[in-house]
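One chain follows as C-alpha cells, the form predicted on its own.
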C-alpha cells in the first residue's frame, strides 16, 4: 500500500470517528430532558422584567419604547393597549395581585368615546378579544360592558355595499374609511364578535362578522384561493397574490376556529374547501422539506418562494385540524429558518435560503405552533425546540427596561418598539409550553389570533 493510500485511509477513519462524535452529541442533546419548571419560572421572570419596564416608563399608554424609555400611543390618545392585551396573561402566569390592580385601572380609566380613527382588525383582536377573555376569567361585568360598548362602536364598519368591513372607523362619529383591505381584516372578526354576541345575547354582532367572513370566502377564485387585497365597495380583488402570510393568514385560522368554538356548519364547509386549495397550491417540497409559498389566486402558479415569521402560525392550524404529519414537517422548516441566523426573519426565501426582510418585532407565531405540537404529540422534541427559541429570544431581544424588536436578524440591531402582543402572545405561549398542562385546559378553549383564550359558556 503506498503512502497516498495509507493517508487517505487514515483521513477516512478520522472523518468517520468525528462524524460519530457529532451524531452522538446530537443524539444526547435530543435526549436531554428539558427542565420545564425552571423554564416556566424563567419566562415569568422575563415577563415581569418587560412588564415593570412598561409600568415605569409607559404606564397608562399603549406601548413602551424600550430603547428611548418612552411610550407610544397608537392614535395620539391612549386606548390602554398593553394593559388590556396583557390582562389574561397576568392571570395565567399567576400574578393575581398585579392582574387585579391592572383590571381595576382598566375599568376605571378606559374609554372608547374618542374622536379617532382606529384600525378595526387590530382593535378587535387586541382590545375586544382581551376584554372578553378577561371577563370570562374574572366575571367582572365592567369588562363585558366595555366590550359591549366597543363592539357597538365598531359595528358601522360593516356598512359597506358588500358587507365587507372598511379598514378604519372613528370610535366617536362612526365614520369609516379605507375601502381597500384584505382577507385577514375582513375575516378575522367572528371569534370576538361571535363571543360578544353569545355573552350579551345580541345576535347582530355574530351576524355582521359572519357575513363578512362568508363574503370573503364567496369571492375566492375558481381554484379556491383568495387574494391579498380587496375593495369592500366593489368586491373586486386589487392584488391576486395568495398565501398564508400577512394580510391573509388569520382568515384561514378563523374558518377552522369558528367551527370549534361555535360549531358553525358554514365555517366547517368553508374550511374543508379552503384547506384543499391551500395544500394543493401553497405547499412546496424543497430539498426534502415542506414549505408553504405564494401562488397566483387565479392560476395557482408559484409567484414567490417566501415563508416567514407570520406564516409560522400555520403548523398550529394544521395540528388543530388533525393534520399532524404536515404540521410537524412545516414546523421543522420553521426551525431551520430560525436557526439560520439564531432568530427568525419577517420574510425568508426558502428556495435560496436567504433573508428577504430581516426585521423581527418579537413575533409569537412559531412559539404558538411549538406549543400546539407539544400538546398534541407530547414529544419532548418541541420542548427542546421551544427552549432554543426562548434562549435566542432572551439573548438578542432583552434590553435594559424591556424587550426590543430587531431591525435585522443578521446584524441583531435592536429597534425601539415593544408591542402589546409581546405580553398577549409571545410570553403567554412560551409560558404555556413549559407550564403544567392544568394551567389552561387546552381542549376546552379557543385562542383568538391575539392568543386571548375564549371558551364556550353558552
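Small disclaimer: the values here were computed from a predicted structure and weren't measured. Positions refer to the first chain, counted from 1.
Keep in mind the form predicted together with 1-deoxymannojirimycin is missing from the figure; the text below concerns it.
K.L.:
Would you check, heavy atoms only and a 4.5 Å threshold, whether residue 82 touches 1-deoxymannojirimycin in the model of the complex?
P.N.:
Contact with 1-deoxymannojirimycin, no.
K.L.:
How about residue 233 - does it come within 4.5 Å of 1-deoxymannojirimycin in the model of the complex, if we only consider non-hydrogen atoms?
P.N.:
No, residue 233 is distant from the partner.
K.L.:
Taking 1-deoxymannojirimycin as it sits in the model of the complex, is residue 363 near enough to touch it, meaning that at least one heavy atom pair lies within 4.5 angstroms?
P.N.:
Residue-level check for residue 363: yes, a contact with 1-deoxymannojirimycin.
K.L.:
Mark residue 125 yes when one of its heavy atoms lies within 4.5 Å of a heavy atom of 1-deoxymannojirimycin in the model of the complex, and no otherwise.
P.N.:
Judged by the heavy-atom cut-off of 4.5 Å, residue 125 is in contact with 1-deoxymannojirimycin in the model of the complex.
K.L.:
If you check 89, 369, 250, 195 against 1-deoxymannojirimycin in the model of the complex, which one has a heavy atom within 4.5 Å?
P.N.:
Contact residue from the list: 250.
K.L.:
Report the residue, out of 259, 310, 143, 278, that has at least one non-hydrogen atom within 4.5 angstroms of 1-deoxymannojirimycin in the model of the complex.
P.N.:
For this set of options, the contacting one is 310.
K.L.:
Would you mind picking out the stretch of 38-46, 399-407, 65-73, 418-426 that comes within 4.5 angstroms of 1-deoxymannojirimycin in the model of the complex, counting non-hydrogen atoms?
P.N.:
Single hit among the candidates: 418-426.
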